[in-house]
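Presented as structure tokens, the chain that follows is alone, the form predicted on its own.
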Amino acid sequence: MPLSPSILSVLSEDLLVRVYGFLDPPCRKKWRLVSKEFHRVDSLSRTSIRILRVEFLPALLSNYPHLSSLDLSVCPKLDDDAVLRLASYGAVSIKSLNLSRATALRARGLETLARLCRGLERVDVSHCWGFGDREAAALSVAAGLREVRMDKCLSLSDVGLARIVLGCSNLSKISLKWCMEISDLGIDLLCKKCKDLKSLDVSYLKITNESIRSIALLPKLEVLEMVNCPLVDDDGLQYLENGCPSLQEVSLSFLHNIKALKHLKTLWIDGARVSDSSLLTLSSSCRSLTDIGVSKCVGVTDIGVVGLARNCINLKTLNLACCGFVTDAAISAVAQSCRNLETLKLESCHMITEKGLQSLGCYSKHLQELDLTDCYGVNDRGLEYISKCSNLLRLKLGLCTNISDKGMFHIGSKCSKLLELDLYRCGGFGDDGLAAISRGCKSLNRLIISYCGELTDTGVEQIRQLEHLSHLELRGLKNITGAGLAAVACGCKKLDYLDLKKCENIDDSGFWALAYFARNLRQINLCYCSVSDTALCMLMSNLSRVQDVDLVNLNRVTVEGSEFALRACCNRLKKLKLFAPLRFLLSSELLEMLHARGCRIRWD
């Protein structure tokens, strides 16, 4: 009896594309494996792909004719010969090409790729230690390039940069971070020939004020990153005063004459020596600032932050991490003046207490992200005030040891929109607090409760209510057993990251449940766990999407068990962490197989 046609076969291609667009990535993969219609739609609509083995590339390019973005950064065998073999299949319409860390690729292969990819606009060759002037000349064949990233190409000099600049004059974005051979001469030519530049990164270069003089002539520049350029001083920044009319975002390592850039909207000066007077001068001049980062800046106190808050009332992002002299007075001023604040980072601001958090609860109704990591002045009363920020999406409370179940009840009852919660080493709360979070914050997709020593199976089992959870860290929870892990595996079907390091009391029953239910796991840490040979083999064979695994100090696993488990998943592993002595005990055939498939092994 012939099979009845699928109901999907009566839908038009446009309707199928619309339906396909509503599916999340895991569902798309399932549907295209079981439906010819969705497989066809996927082939026609996919625009980007990242591949592990270059020998599959010709077939993939044939199956996906509309690809515009190609990532080859994890192909271990990508070299000139492999690229030359690809050339026989004809040109492709790739616009974005990622070749970062493709250290075996040289000038001949790069030129072939540049000619092969018609309409190439974006290229990333970062961390290619063999990328030098010859390779730059080969890349310049792609005259339509608009974005080039060459971070840490240590062999690139002014000569190579000149070849790219002369061949690709339409560049709008270029990154030269850590290209130590680039000097003022190369930057000057870049600025003269590429007038359409909108984004430029010259961080860690040995350029001088002369380069800043040239950069100031760029009429369309919007983003300038020049972190740790030791030869640039205040005089160099003065050149930007009358130039760069479009400049909106700057990253620096010092702050003095930045007051001249009155149109700035974003400024990152993390780690710089900043005085209150310079911060006051900055805020009074650059009143349009919406995002500013002064983390780890020596000299930032309440005086500077209060002035910043009063002058820059449109602030949306403020990073004060590790500014140890900031107190509640500054936080209160920020909360009262900057009513549109969305992100506030206060990591290691030890003088913050419930008084500052009270102001945040009263005035910062738009707050979406709050980082209070290592703020040991935070207590349950402070969390009660924070819970009034009902639009919170991300909350970090790691190392806040003075919070208990009572504080967790406040968060769980009022912060229902939370997506991420970090409670790393918050040892003061227990099962009841975790249950309150699980009941009230049903949208959580990221939860960190590592080293929260009071937690047991009773609390961890409540996590199964978090159906959207994808990232879970349970490291160091020695009171949970296989029963707790089984409950999590059964309820959290979307988990793709799981850290179980030093969960020593989880037995095989938990790992069997994980193997059966957690089919979406991509990354898992099992170091110091009590998993057996059989359970490990079942895990590695059943977790069909796992790509990153840590397997150090598994005392119950034998060499043979490790061998069988790794063979079961070697085709899909990209990163692997193993106990160092196994380097000499595992078969050379297995290790060669893992290397050939692009797996990076770290021996611990």
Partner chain sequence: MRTKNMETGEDDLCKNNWGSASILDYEMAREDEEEEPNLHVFKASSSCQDNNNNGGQASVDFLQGVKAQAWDPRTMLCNLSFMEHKIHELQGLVHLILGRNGQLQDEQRQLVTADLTSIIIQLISTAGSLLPSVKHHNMSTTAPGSAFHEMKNEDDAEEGENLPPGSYEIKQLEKEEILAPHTNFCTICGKGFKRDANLRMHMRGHGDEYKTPAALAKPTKETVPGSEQMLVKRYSCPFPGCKRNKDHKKFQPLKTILCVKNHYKRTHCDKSFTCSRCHTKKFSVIADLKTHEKHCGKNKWLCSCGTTFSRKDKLFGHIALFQGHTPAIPLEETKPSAAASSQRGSSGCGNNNNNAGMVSFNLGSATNANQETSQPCFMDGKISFEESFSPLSSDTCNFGGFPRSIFDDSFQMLISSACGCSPINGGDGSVSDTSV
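Between two forms, the rigid core is the largest collection of C-alphas that superpose within 1.5 Å. These figures come from a predicted structure and were not determined experimentally. Numbering follows the first chain given and starts at 1.
This next part talks about the form predicted in complex with the partner chain, which is not shown.
- Mapping the unseen interface onto this chain, K193 counts among the residues with a heavy atom inside 4.5 Å of the partner chain in the predicted complex.
- Contact between R18 and the partner chain in the predicted complex is not found at the 4.5 Å heavy atom cutoff.
- Y516 belongs to the set of residues with a heavy atom inside 4.5 Å of the partner chain in the predicted complex.
- Not displayed here, the partner chain is approached by D81 to within 4.5 Å at the level of heavy atoms in the predicted complex.
- From the list 299-307, 351-359, 471-479, 519-527, the contact stretch for the partner chain in the predicted complex under a 4.5 Å heavy atom rule is 519-527.
- Site residues R50, R85 and S588 are all in contact with the partner chain in the predicted complex, judged by any heavy atom within 4.5 Å.
- This chain lacks the partner; the member of L185, V223, L419, A329 within 4.5 angstroms of the partner chain in the predicted complex by a non-hydrogen atom is L185.
- Just one of V227, L399, M180, V159 comes within 4.5 Å of the partner chain in the predicted complex, counting any heavy atom, and that one is V159.
- In the predicted complex, the residues of 530-547 lying within 4.5 Å of the partner chain by at least one heavy atom are, in order, C537, M538, S541, N542, S544, R545.
- The Cα position of A104 differs by 2 Å or more between this form and the one not shown after fitting on the rigid core.
- After superposition on the rigid core, the Cα atom of G561 is displaced by less than 2 Å between this form and the one not shown.
- Superposition of the core reveals a Cα shift of less than 2 Å for E461 between this form and the one not shown.
- Whereas the shown form places them at one spacing, the Cα atoms of T47 and R572 lie at least 3 Å farther apart in the predicted complex.
- A decrease of at least 3 Å in the separation of the C-alpha atoms of L576 and D81 is found in the predicted complex, compared with the displayed form.
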